[in-house]
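Only one chain is included here, represented as C-alpha cells and corresponding to the form predicted on its own.
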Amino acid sequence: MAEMLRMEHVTTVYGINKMLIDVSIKVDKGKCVSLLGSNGAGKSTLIKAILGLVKVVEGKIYFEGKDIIHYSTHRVISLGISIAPEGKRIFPKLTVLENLRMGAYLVKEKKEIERRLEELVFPYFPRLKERLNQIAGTLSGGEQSMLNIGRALMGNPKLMIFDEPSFGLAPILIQETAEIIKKINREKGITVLLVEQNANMALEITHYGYFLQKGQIIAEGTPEELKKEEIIRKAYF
C-alpha cells in the first residue's frame, strides 16, 4: 500500500514545552485514519505540524514521499492537502458560493471551479446548491458544517484532514457527517485523516487509528484492536 502521509519521530515545542513527543503516524493512500485524543492531547499541534504552522524540532514529515518539513503552509496546501477546521470556521458575511470559491482560491479557470462544485460538493451537499446566494452566517449550524466540509472539498484534495467534525453537532447530524466522510473516502478515493474526540463515531468509519495523550502516541491499531485497549475503553466506552 502506497503511503500518502508519514510522520517520523516528530517533536514540536511551544516556548520551552514539548507539545508533540516522538510522534510517528502513517496514512496510506485511499485509507481513512483516525487520530483520537482529548482536549489538550496535542491533536491540533499535530495538524499544525503537517501544515507547516508550528516548528518541528526533531523528526520528519513526508507527503507522497516528499520531505515537507520546511515547506510553507501555502506550498503544503498546493500539494493537495485540505482541512475542514474545527468549529465551522466559515466566512459568515460572504455567500455560500463565495465561501466555496475560497476553497479553490488557487484555481483560476471558471470551468474547473464549476466542475468541482458539481462533482465534489453538490452530490454530498445538495442543500448548499439551493442556498448558493444565501449569506453563510444565516445558515443553520448543520448547514454551516456542510459548508465547512464543502469548502475543503473545493481544494480537490488528495488528503483531507477533518478537525473535530462532530464538534457542536446533534447526534443525528454527527451520524450524517460520519456517513459523508465515509462516502468521500470510499467513493472519491480521497485519503482522510480524521482528528476526533468522538471515538464512537471515528472508529465506525476509519480503517486504522492512533490514540494521542499528552503529546505522545500511546496506542494504535485497527478499530477492533483499539476498542479492546483498556486505556481507550476507560476514556471512551
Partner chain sequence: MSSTSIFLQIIFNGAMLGIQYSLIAVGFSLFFGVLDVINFAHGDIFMLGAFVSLTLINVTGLLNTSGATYVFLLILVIILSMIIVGGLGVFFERIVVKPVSKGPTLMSLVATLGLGIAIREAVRLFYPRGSETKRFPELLVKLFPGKEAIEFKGIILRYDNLLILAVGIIVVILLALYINKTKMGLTIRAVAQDAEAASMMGVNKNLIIDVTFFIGSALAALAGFMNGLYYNSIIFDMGAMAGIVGFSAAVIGGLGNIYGAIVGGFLFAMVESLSAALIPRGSEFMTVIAFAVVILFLVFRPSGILGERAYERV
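Residue numbers count along the first chain shown, from 1. In this text the structure is predicted, and so the values were computed from the model without any measurement.
A second form of this protein, the form predicted together with its partner chain, is not displayed here; the remarks below concern that form.
Do L53 and its partner chain come within 4.5 Å of each other in the predicted bound form, heavy atoms counted? Residue-level check for L53: yes, a contact with its partner chain.
Hey, in the predicted bound form, is R127 touching its partner chain, heavy atoms inside 4.5 Å? No, R127 sits far enough from its partner chain in the predicted bound form that none of its heavy atoms falls within 4.5 Å.
Using a 4.5 angstroms cut-off on non-hydrogen atoms, would F167 count as touching its partner chain in the predicted bound form? Looking in the predicted bound form, residue contacts with its partner chain do not include F167, since no heavy atom lies within 4.5 Å.
Using the partner position in the predicted bound form, report whether Q134 sits within 4.5 Å of its partner chain, counting heavy atoms only. Although its partner chain is absent here, Q134 would stay clear of it in the predicted bound form, with no heavy atoms inside 4.5 Å.
Does its partner chain come within 4.5 Å of a heavy atom in each of M201, E204 and Y208 in the predicted bound form? Judged in the predicted bound form, none of M201, E204 and Y208 sits within 4.5 Å of its partner chain.
Let me know which residues along 101 to 118 have a heavy atom within 4.5 Å of its partner chain in the predicted bound form, or say none if there are none. Residues within 4.5 Å: R101, M102, G103, A104, Y105, L106, V107.
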